[in-house]
Ligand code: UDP
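Next up: a single chain in structure tokens, the form predicted on its own.
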């Protein structure tokens, strides 16, 4: 069983697509093992997006991601990391096929509904960044 982090981005929150997206994750058989509403402050955003913090578009990304509260969620399931990324579609929503989450609800490379971890190593780091010890449910195998 793997775990992954999902961040329902401000566009998803504003357009009220959270229920639809969660529904797709649940239909895929994933379990929600952690969930909370939070406003992302610049320090956590700089840490989360450190790999692009020196790029010219970063200030716009930070402004977007801190523009309204978001939902951070931990999902668990078999091969959940790759399967969630397949459900989401490409990061650039303009290249995402209809039927994928980003193809149905996204706008571009930033306004793209949700963030999802891209590897097991990053999932562990990202889950620890957004959830304190004890905040994620332990499931029975």
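Positions refer to the first chain, counted from 1. Please read all numbers here as calculations on a predicted model, not as lab measurements.
Not on display, but discussed next: the form predicted together with the named molecule.
- In summary, the region of this chain contacting the named molecule in the model of the complex, judged by heavy atoms within 4.5 Å and restricted to 68-76, 37-45, 106-114, 22-30, corresponds to 106-114.
- Residue in contact with the named molecule in the model of the complex (any heavy atom within 4.5 Å), chosen from 81, 87, 96, 61: 61.
- In the model of the complex, at least one heavy atom of residue 91 sits within 4.5 Å of a heavy atom of the named molecule.
- Along 1-39, a non-hydrogen atom within 4.5 Å of the named molecule in the model of the complex is carried only by 9.
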